[in-house]
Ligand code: URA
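Next up: just one chain, as structure tokens, the form predicted alone.
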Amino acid sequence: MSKLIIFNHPLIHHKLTIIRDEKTNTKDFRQSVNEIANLMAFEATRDLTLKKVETKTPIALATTYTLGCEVVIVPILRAGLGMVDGIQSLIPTAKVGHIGLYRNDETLEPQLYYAKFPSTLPDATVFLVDPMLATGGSAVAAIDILKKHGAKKIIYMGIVGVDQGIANLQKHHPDVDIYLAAKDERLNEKGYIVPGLGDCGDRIFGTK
């Protein structure tokens, strides 16, 4: 079974309060989402492989290490875009793919409308990012797509999730580690996380 990590960090708790607040403006919401992703990425990248290299310092030769694998960040559009900069600021060499899914309001099932990935996907550590793990349908569908394109090492990073989405993701993809900033109570009758953040995509881009 994959790892499930729910963060318990003072700075993440502080920034979660900002994005939960309905009065938070678009700029502060977007900035805080990026900052949470940055803090989470520091821990989520702990197991990345390293390559030993010799480096000449101003004083002497040193045995040092560089990343031994490609990193690809794949946001689920739109809301996942809000987490990309926070991760890429730690790993500037990371490439970015995209998966476009929208939720059918009646069935709550994800519908694919766009998919584009770097050619390095099969050999990379792939971070699938989406702020909300609600039913888990979008995450499961996105990982299905990534695996069809050859991805082997996939890590899911979200901000807020619930038991239903976590269980759904673990059931269909038990090899994918899950990192969340918080686990919330439940889904409401419309499939939204309670207490949640509201519509994360709308709040990131100011479309409501």
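Numbers for residues come from their place in the sequence shown, where the first is 1. These numbers come from a predicted model, not from an experiment.
Keep in mind the form predicted in complex with the named molecule is missing from the figure; the text below concerns it.
query: Using 4.5 Å between non-hydrogen atoms, is I19 touching the named molecule in the predicted complex?
result: Close contact is absent here: in the predicted complex, I19 is far from the named molecule, nothing within 4.5 Å, heavy atoms only.
field: 4.5 Å heavy atom contact, M132 to the named molecule in the predicted complex
entry: So M132 counts as contacting the named molecule.
Distance check, R103 to the named molecule in the predicted complex, heavy atom within 4.5 Å: Flag for R103 set to yes.
message: Just to make sure I understand: among 184-199, which residues lie within 4.5 Å of the named molecule in the predicted complex, judging by heavy atoms?
response: The stretch 184-199, when checked against the named molecule in the predicted complex, contributes G191, Y192, I193, G198, D199 at the 4.5 Å heavy-atom cut-off.
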